[in-house]
Every structure is written in C-alpha cells, then in structure tokens.
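Both blocks below hold the same protein chain, though in two forms, and each is given as structure tokens: structure 1 and structure 2.
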Structure 1
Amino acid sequence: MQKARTKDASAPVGRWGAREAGIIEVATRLFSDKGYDGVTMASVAHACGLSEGTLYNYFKDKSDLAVRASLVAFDAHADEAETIVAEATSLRTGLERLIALELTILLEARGMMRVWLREVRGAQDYPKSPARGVLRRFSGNLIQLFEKFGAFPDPKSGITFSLIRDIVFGSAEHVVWTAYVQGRLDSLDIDRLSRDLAAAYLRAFAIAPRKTRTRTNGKARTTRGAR
C-alpha cells in the first residue's frame, strides 16, 4: 500500500512527502464538503493540478486516498485533543473544549467523518492498526481528561467511559447533523452549546472521585466537584 519511498531518506522523501501531503490536503477538503461518493478521482486530480493517473502513483486506489486523508485529519485532531487535555485546568473547562473541538470538526468536515466511518471503520480487511491507533488516541483523550481529574463514573450508575464517549460524540454528531438538515449550521453557537452540554454531562455522569486521588471532601460534592 505505502508507496515505495525512495531509498534516499533526505530531500526526495520530503519532496515526495510534500506532494502527497498536498494531495491529501486537497482531498480532505473535497471529501469534507461532498462526502466519499460525491468526490471523483478526476475532481481530486483537477483540484490538485495533476492528472488522474498521477494520483495512483501515490495512492493505491480511491479508498486508500480516503483512508490516508482520514488518518491525517484525525491525527491532527488527536493532537489538538491531547493539547486540550494537557492544558485543562478543570474537568469542566476541559470537557467544554473537547466538545467544542468535536463540534468544530464535525462542522468543518462533516463528510470526512462519513468517509472515516465508511472506509476505515467499515472495511474489515483494512489493517486496523493505524486507524485503530489514531481513533483510540482521539477518543481516548476524552477518557484521559476524566482520569486526569480523578473523575470516575459511579460503577453503580452503569455509566462507563465507553458510554460517555458514545454520548459525547454521538450527541455532537446528531446536533450538527440536525442543524445541517434544517439549514441552521450558520447559527450554531458552539461555545454556548459546549458549555451547556458539558454541564449536562457532568450532571449525568454520576462522577465520583477515586481513592487514588487525595480527596479531602470525598463523597459529598461529586457532581458539583466536577466544576
């Protein structure tokens, strides 16, 4: 799959990499706008100022291009998410920023998510490793945020980190989709939405501090402690 990199590690790779990166950048924009089926290889080539055949020197086929573009996109997003978690000074603000990030991604790259889901997660035979890794890195940040602040859902509540992830990401997706379908994308107030959703989630996820963390006031303000 991977295009045979030249033996020389220096410039050629860079050159080559630059060309590849350029294609991916263009393709990402197109996929985001029009979705997988709405993009033709010809349109990608044209937008790159290349010929169709050239694309096949860099990517095995259309699916490969989509997958690689997805990986790059998600990799970047995962980096942002990581930064958010690292810089977070409270669970609440961190959560707000993660939600805002997710909403922004969906807003800007609605189609890319579909591509990801369809081509990456959907393909059984695709080597899961890189995709898995990136996805894990991305959605894992949400969990790490909670762990960073020693916030764990009460086992009795049935809420798991996995469920939290589904709720946060699923809700965001549906919110954006609904807005899109109703033609309200422009009026989406991401900041406000993120705050409201974060607050709701913190109420929802019966959060309890974990013993490992030195929590003086332990049990009491679990929910509130999330502030």
Structure 2
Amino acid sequence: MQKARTKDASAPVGRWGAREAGIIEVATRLFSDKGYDGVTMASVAHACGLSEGTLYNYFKDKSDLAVRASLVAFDAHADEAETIVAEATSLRTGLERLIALELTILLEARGMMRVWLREVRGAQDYPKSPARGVLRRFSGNLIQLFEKFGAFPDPKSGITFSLIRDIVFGSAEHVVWTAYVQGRLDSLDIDRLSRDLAAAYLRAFAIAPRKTRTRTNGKARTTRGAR
C-alpha cells in the first residue's frame, strides 16, 4: 500500500523535461538559504515533493547538483554583466559595477565556492567543460567594457586584456576567500571595496586610450577615448 504523503510535503516540481530545471531552482534556493553544508539530497527531494531516489535519476550526488545549479546561476550572472557593460557611462563606473557583481556572487555562494574550486576548477576536463565556457562568457564582459571606452593596454607594458581580466576577477576571489578563512565576511563592504579596487586598477594598469579623429570648425583634432 502506498504511503500517504505528509501534509508539509511539496507538490512535485516540473514534469518530464522540466523536472530537472525545477529541481535546480529549488536546490539553488536551499543552497542560498542554508549553505552547501546545510543541504542534503533528502532535504532537496522533500522540498521538491519527490523521493530522494528520483533525484539520483538526474544528479549523481549533491556535489553534481551544486555544480549544475552554479552553472545555471552563472549563466544569469553573465546576462547581468552584459547589461552592466551596455549601461556603463564611463569605464570607472562600469568597472565598479562588474567588481561589485563578482563580489556579490562570491559572497552569496560562499558555501558552494569550495565545491566549485574542488569539483570544477580542479577537474582534469575543466579546459573543455561547459563551466569554463560560462565563466569566460561572464568574465569576457570586462574586456568588452575596456574596448567600449577605447581603453587599451600599452603594448610596451606587457599587460594584456587577458591579464587584466585575471587580475580583476582573481583578486576579488582572493579577497572573499581570505575573508572567509578569517571569519570576517560580514565586515566586507561591497560598495566601498568595489570603488577602491576599481580606482586601484585604473591607476595600476598602463592604459592607452584609443585615439580618434574629429573635426571642429573644419579642422582635424585628435582626442582620446573616454575614461
């Protein structure tokens, strides 16, 4: 005889092809609320209105579920980054917003960051994985921001757009990870930190704004790209 469903159980999420997406949506909310360690496959199954065994038809374990939920989230974050670049009125403000977005993502996903570093970044197939593609789409917006305002590294400096991208996002990751280890995440001021970091980067990078030719009163005049 089939066991009656408890009163507090949820209705099953999704149907057929939509079920996997429904599970990911529920799991993302749970990971955000309780952190990675506070979530089990059983708790995800209960919140989804499914049996725990059903979850294993879609995900091999909790780590796999967390990684795939992260990929979906990063896809949405990449869209946010594209919007920031499109709306930016200056290189500085655009850079500040991109750094703030990166810091926010890392802080919100701090419980899953360890899983991401261990299971995704450390995997042998990472260079060819969907995870790398999503991350490059996200981080590529930084390069597009510099190009939008004609801010190009001086070739003589040895600095490239790829290096700038790695410095900006790598240092943000380091700042959050260090704060996590030292137990001071709650003291991080994202707005102030993003402003300070953006200002420091713009001072440190050897940027050569692109020269453009304009005409004023019939005379040619050389101007530099907007900062």
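Just so we're on the same page, rigid core means the largest C-alpha set that superposes within 1.5 Å between forms. FYI, numbering is relative to structure 1, first residue = 1. Everything numeric in this text was worked out from a predicted model, so none of it was measured.
The form predicted in complex with a further copy of the same chain appears here as structure 1. Comparing the forms between the two structures on their rigid core, the Cα displacement of C48 reaches 2 Å or more.
Comparing the forms between the two structures on their rigid core, the Cα displacement of Y201 stays under 2 Å. Once you line up the core between the two structures, the Cα of R136 ends up 2 Å or more from where it was. Once the rigid core is matched between the two structures, the CA atom of V67 is found 4.8 Å away.
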